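Consider the single chain below, provided in structure tokens and representing the form predicted alone.
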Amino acid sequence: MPRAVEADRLMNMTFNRFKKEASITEEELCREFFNEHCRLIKVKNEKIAVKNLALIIKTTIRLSNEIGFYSMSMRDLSRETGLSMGALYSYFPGKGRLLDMIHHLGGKTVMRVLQTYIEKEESPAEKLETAVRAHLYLSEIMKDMFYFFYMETKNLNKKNRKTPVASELLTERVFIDILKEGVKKGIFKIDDILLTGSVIKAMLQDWYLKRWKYRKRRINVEKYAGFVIRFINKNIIKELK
């Protein structure tokens, strides 16, 4: 495919188009989770279970972003969801398992979507641009969950931090692997691949952690994605002699 045509195709990866194609809804995520963990969930009616799982997760994230996960009690969750304490425990045995459940659900979804879009590309440069756009667009669609991931991970003790930290490193590894491929093929020129991957991840995090700043400056997710991509390319693309 000619570079001009390929560039047009990548630029046409708008947020609205991505949102429509990815079709990520809380209900679909919870249905996937239910089908994977139905043996551990006492409620066997899929329709009821999926509806309540979506309600529990949405309410947990909202309360956590307002008062903090550890400040939220099971009674708070029961009151806000309208589900009894017994009903809540039929989906998870305690707050620790609930936290793992949300991290597992979100982390798996992010990796699945990223890999699906990256696999469509051939060159490392195209893979990198697609990965940046997909990650930023995902964080816009799942903004409350992404914020939850970051804020709660930094407040966890060493034992409970293992799962979310592993998920964080896994998504960072996606970018590091693309950078390594680009260097190997002579497309990228990078002195420190690990540090470059870490900085790229930090730029992506800045979008969902400080959305108020970009909203105030009237910068939408597409404009931010374009800037990040140009900034990265300017610093790593190997100049042709």
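Just so it is clear, the model here is predicted, and its values are computed rather than measured. Sequential numbering from 1, following the sequence displayed.
A second form of this protein, the form predicted in complex with the DNA, is not displayed here; the remarks below concern that form.
When you look in the predicted bound form, the only residue of Met151, Ile118, Leu83, Ile141 with a non-hydrogen atom within 4.5 Å of the DNA is Leu83. Here is the short version: of Lys189, Lys44, Lys184, Lys216, the single residue with a heavy atom within 4.5 Å of the DNA in the predicted bound form is Lys44. Looking at Tyr147, you'd find every heavy atom of it more than 4.5 angstroms from the DNA in the predicted bound form. When contacts are judged by a 4.5 Å heavy atom cut-off, Cys38 does not count as touching the DNA in the predicted bound form. The shortest heavy atom separation between Ser90 and the DNA in the predicted bound form is within 4.5 Å. In the predicted bound form, at least one heavy atom of Met74 sits within 4.5 Å of the DNA. In summary, the region of this chain contacting the DNA in the predicted bound form, judged by heavy atoms within 4.5 Å and restricted to 120-128, 133-141, 107-115, 92-100, corresponds to 92-100.
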